[in-house]
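Let's start with one chain on its own, the form predicted on its own, as structure tokens.
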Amino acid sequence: MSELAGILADQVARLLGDVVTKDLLDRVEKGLWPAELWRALEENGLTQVLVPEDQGGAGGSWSDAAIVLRAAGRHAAPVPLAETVLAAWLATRAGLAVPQGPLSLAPVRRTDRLALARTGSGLKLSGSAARVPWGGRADHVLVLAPLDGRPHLACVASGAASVAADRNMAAEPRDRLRFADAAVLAAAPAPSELGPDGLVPWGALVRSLQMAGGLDQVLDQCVRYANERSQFGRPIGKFQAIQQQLAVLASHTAAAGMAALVAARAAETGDPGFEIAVAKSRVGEAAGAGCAIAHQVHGAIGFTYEHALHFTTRRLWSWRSEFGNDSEWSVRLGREVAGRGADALWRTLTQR
């Protein structure tokens, strides 16, 4: 682990562990914006971990960002940290200044269409994007849209859009934004990292890292509960059936974490498409199996709102379907492998 990675790991674990409590998560779901948490994340440079040092960031790599995003998932951080980290990185790659405050990105679905147009006073943005993470709460939205036949990244103040509020299963904002000749603050040609699939693969990467952290938390909660909860005179963790379930959960968690980490490392090469497909499909599979096991181990108490388990499992269920679910990514992965031919299969599996 590099020196920066060690500092980040200590920083983010201590900060989120101290601030993100069950009480805070309860209040955020009722409409509170956790200003203290966001201020602490910004002051510690965690929102700009991927921004170069000469632009005021931490100058970290995707492996460093993985530490931050995995911790955010582990603690169910109720802020757009993943979206801001990704948007800030893309902005710097495009040569745009990184705005202060929480950021979001659009469009996050392949079917949504936005368009830029030149006017006498600059650029205007029109179109609609659904399920934008924290779209109505972010200060700015980084938008991918065509201009003169070429994809561009444009920075737009979120107040320039009309917002139809919506939420995912975890009560996180997933809003529909409608732009009607909205003023563009800055724009530049999209960086080479954004291919035909636009923002979707990179969104899948950050969700995979968050989900890997969420699975870490679920496993820890299950092990702790199994050692504390007694039945028939002994902890339920002593029963073979529970031990077998925990072993399955641990194997899913380990596989998901490694797949997400490999994808983050591949992102540093500029061509992580294959690894992202593996990560999102594998982590999604682990989330489905892991949440089922977690609620089985906890029994009836795990289904109550008063217990903390649901703050993580609802996020895992929600994130699993965002930026392509595991089935979609598995199909894409299968087509890519098949397209390379049988002779390339072993090399594809072992040289990455």
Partner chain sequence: MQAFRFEPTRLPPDAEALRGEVRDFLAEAMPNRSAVHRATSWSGWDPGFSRKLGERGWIGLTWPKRYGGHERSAFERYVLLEELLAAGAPVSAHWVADRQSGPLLLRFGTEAQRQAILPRIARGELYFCIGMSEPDSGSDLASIRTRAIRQDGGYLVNGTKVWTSNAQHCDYMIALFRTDPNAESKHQGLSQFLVPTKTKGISIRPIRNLAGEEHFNEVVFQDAFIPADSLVGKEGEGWKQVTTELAFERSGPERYLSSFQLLLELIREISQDPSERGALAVGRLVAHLATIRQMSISVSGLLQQKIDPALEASVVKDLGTNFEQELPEVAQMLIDCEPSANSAQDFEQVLAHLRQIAVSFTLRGGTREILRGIIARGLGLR
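Everything numeric in this text was worked out from a predicted model, so none of it was measured. Residue numbers count along the first chain shown, from 1.
Missing here is the form predicted in complex with its partner chain; even so, the following discussion is about that form.
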*Would A115 count as a contact of its partner chain in the predicted bound form, using a 4.5 angstroms cut-off between non-hydrogen atoms?*
no
*Is H140 close to its partner chain in the predicted bound form, meaning a heavy atom pair under 4.5 Å apart or at it?*
no
*Answer yes if any heavy atom of R335 is within 4.5 Å of a heavy atom of its partner chain in the predicted bound form; otherwise answer no.*
yes
*Look up in the predicted bound form whether H298 has a non-hydrogen atom within 4.5 angstroms of its partner chain, and give yes or no.*
no
*Heavy atom within 4.5 Å of its partner chain in the predicted bound form: which of Q243, Q100, Q231, T119 fits that? Just give me the one.*
Q243
*asked:* Under a 4.5 angstroms heavy atom criterion, identify the one residue in A190, L96, A82, L219 near its partner chain in the predicted bound form.
replied: L219
*A254, V331 and D343 each touching its partner chain in the predicted bound form (heavy atom, 4.5 Å)*: yes
*Partner-facing stretch of 22-30, 323-331, 35-43, 306-314, counted where any non-hydrogen atom is within 4.5 angstroms of its partner chain in the predicted bound form*: 323-331
*Heavy atom within 4.5 Å of its partner chain in the predicted bound form - qualifying residues of 235-252*: G237, K238, Q243, Q244, L246, A247, V248, A250, S251
